[in-house]
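The chain below stands alone and is given in structure tokens; this is the form predicted alone.
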């Protein structure tokens, strides 16, 4: 009897001292952008699971499905997701709709180790308001080039220089000078806007007046058409292979397309921010981070915030680099071992610090669609540059109205 009582007391003592060992693991669900981001999360989640007695399920979804499921689930009293990944242009829409937990009100304090341009994307209002999401995966458009086709010449630092190289390479038998990504909608708008910015143009002014028919926009689009005349119009995968394999000299693209080690034959450079050697320099690289936020209706807000902080920490970003992660922290970009393994980190950090964000409006998706249609009309010759941009202005004004 005494032995039985002693055993019972021992069991009760263990239970009292270590309740987490006997408790059921908490299940946390992350709605993520499918592909490499899922691989990154799965590669680093085990430590958090062990330390916090939880199981993390990662749902990989394509862009449209991810956005739709986040929006639909936000209407439920008890949400199905504990962390959601967000393309940064979605932020005005999701914060305006109250879909995300306010991290600042929850007690989160901004970490100065994040690249400021990346941290600003998760704030509402943009750059100055409370923090609603943290930058999980860094990205900014870069100039991707094949050093062999440049034949020892310096990487162009102006768009006139890019055009000159494109003409010279395109004159070679079987070679392509410059590749645009000119499909309607997001592809062509993302491909054209760095030129628009470099020429000093923009889509809106500070009062949201539409500027896409400005002289700067016309000059940028005319040069874009000249680049196409000395190159080709490919989709993403063909852009990657054509430049990497030495068929094409240059293109614009996201570094997450081209992640590779020091043995890569691909070259990366900051996008030119000026028209020619005598022009003013403008920020021209488009920032495009994947953010992580916590749904306002999560059932595990405290643990979700711990997980969010863990997944975006410097240690986790360092550990995830070999799985294809692109950092958002200054200390990770500057880590000596990683910089040797991934030489493009220095270029990516410089370009991110000099990047431009897309307009912060909930209507950006619709704007991108109508603007992309008219840009496509111009490069295909269906409309003149002037007519296409005039029609784009009307269409964007209709969207905003």
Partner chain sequence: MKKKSNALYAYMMSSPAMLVLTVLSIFPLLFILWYSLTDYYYLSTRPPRFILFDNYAKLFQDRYFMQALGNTLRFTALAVFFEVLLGLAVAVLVKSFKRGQEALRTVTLLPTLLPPVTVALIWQIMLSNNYGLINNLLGLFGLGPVNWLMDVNTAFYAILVIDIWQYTPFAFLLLYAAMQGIPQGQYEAASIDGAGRWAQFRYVTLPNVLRNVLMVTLLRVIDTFRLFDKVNILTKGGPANTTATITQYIYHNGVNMFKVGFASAASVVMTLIILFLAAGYIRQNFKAREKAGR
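Numbering follows the first chain given and starts at 1. This one's a predicted model, so the numbers in the text were calculated from it and none came from an experiment.
FYI, the form predicted in complex with the partner chain isn't displayed, but the following is about it.
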In the predicted complex, segment of 94-102, 126-134, 273-281, 192-200 with a heavy atom within 4.5 Å of the partner chain: 94-102
Of 47, 369, 26, 42, the one that lies within 4.5 Å of the partner chain in the predicted complex (heavy atoms): 369
In the predicted complex, the one of 108, 114, 145, 234 near the partner chain [non-hydrogen atom within 4.5 angstroms]: 234
Candidate site 216, 360 and 384: all three near the partner chain in the predicted complex by heavy atom within 4.5 Å: no
In the predicted complex, residue 67 touching the partner chain (heavy atom, 4.5 Å): yes
Non-hydrogen atom contact residue 238 with the partner chain in the predicted complex at 4.5 angstroms: yes
Contact test in the predicted complex: residue 205 vs the partner chain, heavy atoms, 4.5 Å: no
Residue 183 within 4.5 Å of the partner chain in the predicted complex, heavy atoms: yes
Residues from 370-397 in contact with the partner chain (non-hydrogen atom within 4.5 Å) in the predicted complex: 370, 373, 374, 376, 377, 380, 382, 383, 391, 395
